[in-house]
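Just one chain is shown here, as structure tokens, and it is the form predicted alone.
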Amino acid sequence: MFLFFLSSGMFLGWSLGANDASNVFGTAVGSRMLKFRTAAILCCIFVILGAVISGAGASHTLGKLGAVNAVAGAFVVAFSAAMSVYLMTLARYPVSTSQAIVGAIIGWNLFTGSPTDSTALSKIVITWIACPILSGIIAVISYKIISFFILKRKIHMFKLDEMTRYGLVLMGAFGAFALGANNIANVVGVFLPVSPFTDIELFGGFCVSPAQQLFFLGSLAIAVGVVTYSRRVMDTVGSGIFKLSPVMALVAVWAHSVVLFLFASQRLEQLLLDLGLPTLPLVPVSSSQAIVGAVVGMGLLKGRHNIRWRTVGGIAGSWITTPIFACLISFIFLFILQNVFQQTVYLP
């Protein structure tokens, strides 16, 4: 029965892959530096690696937001987030899966009368604001440094094209790894407290934890979404906001990947703690906001008149409506599942 309820998490993973793969490789495909098939294969491989190896960090904060303690409730929460993301994907907007799952969890909290952890919620909301700003700043600084290096070295156009192509492959792989590490919590995080999986012992004493098993299944669903439906949104990110040069495409993916990694790495958090420095919260941030912030930042650097502000406005509007939709869908379907199908969506 758990696998049936987990299907909504797989649907959410598919929706995330269909939508958020554009944030990793959309600029490369849009600038015609990479073929879609190559981008999709790289994205699938490194999303799975990122989810299984480093997916645990951001899932803890998401779990504090609302402790969904019944498998039927987790099913509705994941399904509600997936539906809101899917509807926005149909409209070709790179929406935030993080915002969708947060809205769905709050809908569960409202329906069950459970408290919403204000500390966890404030951390997440602050990152929604900081994420695009930080990404834009990193993109602008990185672009200026790379431009200075290109002019100083007087790199030939064909050589620059080849270097940029290889750079897009490397940065795309890094971005896909960071996406899996940061956003797998959105896909299966609500199922962690109710998972029936147990540790699996492999050869050489290697142990696969229940969380890693869930992360692997969720990342497979993301990979399917990448292959089957991500091309549409890649076109919007790659050329719909601002016409990117190949070097700008490389910088955009770099800035996006760094931001996602900063908010997902437990090792980086421990390193900063050991050095006595302030740490960043480990939360599932929006990869859509990160890539859009990077693209808009470089667009502003080149002159704000070059940016298609109507497209930016549509994307920003989808960021506002996505958590609201997810919250409403979650509340309504919880009511239906409990009162019509007599399923337990909450354990007192």
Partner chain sequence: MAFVSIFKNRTGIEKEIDSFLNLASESGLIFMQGIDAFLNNNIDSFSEHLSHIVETEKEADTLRLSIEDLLYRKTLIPESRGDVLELIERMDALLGRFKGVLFRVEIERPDIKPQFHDGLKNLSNCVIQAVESATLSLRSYFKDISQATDHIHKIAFWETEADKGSTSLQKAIFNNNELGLDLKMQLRDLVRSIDKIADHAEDLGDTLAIYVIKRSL
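Residue numbers count along the first chain shown, from 1. Because the structure is predicted, anything quoted here is derived from the model rather than measured.
Absent from the display: the form predicted together with its partner chain. The rest refers to it.
Proximity to its partner chain in the model of the complex, defined as a heavy atom within 4.5 Å, holds among F79, F191, Y143, F177 only for Y143. The partner is absent here, but in the model of the complex a heavy atom of V247, alone among I138, M83, A221, V247, sits within 4.5 Å of its partner chain. At a distance threshold of 4.5 angstroms between non-hydrogen atoms, L273 is out of contact with its partner chain in the model of the complex. Among residues of the shown chain, R32 is one whose heavy atoms approach its partner chain to within 4.5 Å in the model of the complex. For M157, a non-hydrogen atom is located within 4.5 Å of its partner chain in the model of the complex, even though that partner is not displayed. Remark: E201 does not count among the residues lining its partner chain in the model of the complex, judged by a heavy atom distance of 4.5 Å or less. Just one listed stretch, out of 260 to 268, 165 to 173, 222 to 230, 183 to 191, contacts its partner chain in the model of the complex at the 4.5 Å heavy atom level, and that stretch is 165 to 173. Taking its partner chain as it sits in the model of the complex, the stretch 293 to 331 comes within 4.5 angstroms of it through a non-hydrogen atom at just one residue, K302.
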